[in-house]
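Below are two forms of the same protein chain, given as structure tokens: structure 1, then structure 2.
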Structure 1
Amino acid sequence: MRPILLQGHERSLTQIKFNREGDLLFSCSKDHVMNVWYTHNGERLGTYDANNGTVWTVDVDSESQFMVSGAADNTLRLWNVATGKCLFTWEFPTAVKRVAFSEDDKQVVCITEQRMGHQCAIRVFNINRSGDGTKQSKEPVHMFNPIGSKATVCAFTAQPNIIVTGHESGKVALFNVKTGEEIDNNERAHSDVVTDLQLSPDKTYCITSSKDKSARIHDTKTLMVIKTFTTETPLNSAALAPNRPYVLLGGGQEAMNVTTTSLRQGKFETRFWHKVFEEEVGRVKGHFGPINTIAVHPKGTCYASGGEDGFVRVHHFDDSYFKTELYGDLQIED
């Protein structure tokens, strides 16, 4: 499984994202630039350049027509994927830490940072998809401030107007965006900040990773913890492999402590865990620093990881990955 090394960023990666077909990979980093790559050969298709700060987050709609990005220059931007033009900019008092499209691509949810006397806020914008996309409403349709610990990650669930959020305290919660009320929460989902949240393809469950060195799978309706994967290093990202019972975990020791440890001790590998048995089944080395973000191809044919070292590594799975006995000697009965 030889990786394709994507060298298009000068500073550490913050998020990577495949489009729905999986032929394009979007990456954003702390060097103010976003790139889009061809997945199959790692060729860079283009860059999106207009931000004046770290780009924290990126998401692309299901048609690969529009892309949204959130950055440390306190803006949420809407882009045309094909031309690289910035179509619209929303401005806020603080940095945008997470963005996500809704299932029907008609809405975008964003989290803004708690800073300088401003509370953490969650806003939902309607995206006007008609015309060239430049005519957007400046005002959010819904906006609320989550009470208590600030939100760090979020995503739309399968239920209309319900989002799932992960918080700094380790809490995972469900909010109704229309009313801003917290419908349900699990205060003890994690014991430290939630660093990533990714939904399963059918949105019935999600996986969260945390600095408390564990990743957990939650039911998105009840927030019940279904599975727990405990590692020995803080985790920055967790992803679900479609068609295979694996979860991919990435992390490593904090970047500022890295100089004091060797590569092996720093634990900068991508770990594969069995989703059902909660056992580690493999590791993939490669990054020279903590892994900040992991994404798996929607068809499960490859995965990509972005690290503190500024590289994105795309691994196309070998045949052996698809031929393994998934459950050992167990025979699955339909």
Structure 2
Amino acid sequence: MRPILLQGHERSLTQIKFNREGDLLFSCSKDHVMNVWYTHNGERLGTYDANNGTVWTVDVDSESQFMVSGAADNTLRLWNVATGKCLFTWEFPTAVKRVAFSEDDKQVVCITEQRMGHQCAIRVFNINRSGDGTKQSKEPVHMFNPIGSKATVCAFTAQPNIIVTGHESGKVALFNVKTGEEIDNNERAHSDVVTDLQLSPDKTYCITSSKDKSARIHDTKTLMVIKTFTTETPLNSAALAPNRPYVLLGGGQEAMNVTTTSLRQGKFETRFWHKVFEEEVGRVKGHFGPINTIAVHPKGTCYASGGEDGFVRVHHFDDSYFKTELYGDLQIED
């Protein structure tokens, strides 16, 4: 499994994302730019350059027509994927930490940071997909401030108008965006900040990673914890591998702690865990800094990881990955 090294960023990666077909890989980083790459050979297709601050988050719609990005310059931007043009900009008082498209591509949810006296806010915008996309309403359709610990990650669930959020306290909650009401929560999902939340293809369950060194699979309807994966390092990202019963976990010691803690290396590997048996099955080395973000190809044929070291590594899985039955012949539903 020889990785393709994508060297297009000058600073650490914040989020990477495949489009629905998995032929394109979007990456954003602290160096203010976003890149789009061909997955199969790692060629850079283009950059999106307009943000004036760390780009924290990116998401692309299912038709790969529009893309949204959230950045530390307090803006949420809509982009044309093909041309690289910035179509619309929303401005907020604080930085945008997370964006996500809804399943039908008609809505975008975004989380803004709690800072400078402004509360953490969750806003939902309608996206006008007609025309060239430059005509968007400035005002959100829904907006609310989650009470208590601030939200760090969010995504639309399978049910209409309901989002699942991860919080700084380790809480995982369900919100009705229309009313801003917290439908359900699991205060003790994690004991530290939730760093990533990725949904299964059918959006019925999600995986969260946390600084508390564990990752968990939750039922998105009941928020019941289905599986727990406990590692020995703080986790920054967790992803589900479609078609194979694995989850991918990435993390590592915080860069600032590397010199002060253990003599051993910082555990900057991507860990593969068995989704059902909660056992580690393998590791992939390569990054020389903590892994910040992991994304898996929607068909499960390859995965990419972006690290604090500024590189994205795209790994196309070998044949043996698909053929090896580690635990014998077991039929495990995806």
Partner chain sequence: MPGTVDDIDFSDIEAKYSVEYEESLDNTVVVDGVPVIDKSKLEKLLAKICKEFSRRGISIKPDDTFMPWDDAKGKNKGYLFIDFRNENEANAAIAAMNDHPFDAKHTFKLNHFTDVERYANMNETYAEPETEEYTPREHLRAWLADPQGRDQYVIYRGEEVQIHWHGKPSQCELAHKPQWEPFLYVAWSPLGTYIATLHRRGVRLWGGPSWKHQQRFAHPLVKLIDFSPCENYLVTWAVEPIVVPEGAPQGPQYFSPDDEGNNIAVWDIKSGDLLRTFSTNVENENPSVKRQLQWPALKWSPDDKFVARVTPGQMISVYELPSMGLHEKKSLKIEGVVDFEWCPLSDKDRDEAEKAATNGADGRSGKKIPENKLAYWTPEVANQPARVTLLSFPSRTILRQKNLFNVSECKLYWQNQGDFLCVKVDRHTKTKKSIFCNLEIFRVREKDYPVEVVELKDTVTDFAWEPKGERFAIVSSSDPNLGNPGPGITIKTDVSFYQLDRGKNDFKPLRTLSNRTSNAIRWSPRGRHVVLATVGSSSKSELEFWDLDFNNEDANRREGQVAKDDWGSSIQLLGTADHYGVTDVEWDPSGRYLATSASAWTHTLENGYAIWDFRGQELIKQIQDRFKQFLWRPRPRTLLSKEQQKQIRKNLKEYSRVFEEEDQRESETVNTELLAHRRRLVDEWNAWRARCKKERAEQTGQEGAHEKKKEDDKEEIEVWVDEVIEQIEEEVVE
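All values reported here derive from a predicted model rather than from experimental measurement. Every residue number counts along structure 1's sequence, beginning with 1. Just so we're on the same page, rigid core means the largest C-alpha set that superposes within 1.5 Å between forms.
The form predicted alone appears here as structure 1; structure 2 is the other form of the chain. With the core held fixed between structure 1 and structure 2, L24 has its Cα displaced by under 2 Å. Relative displacement of the Y327 Cα between structure 1 and structure 2 on rigid core alignment is 2.9 Å.
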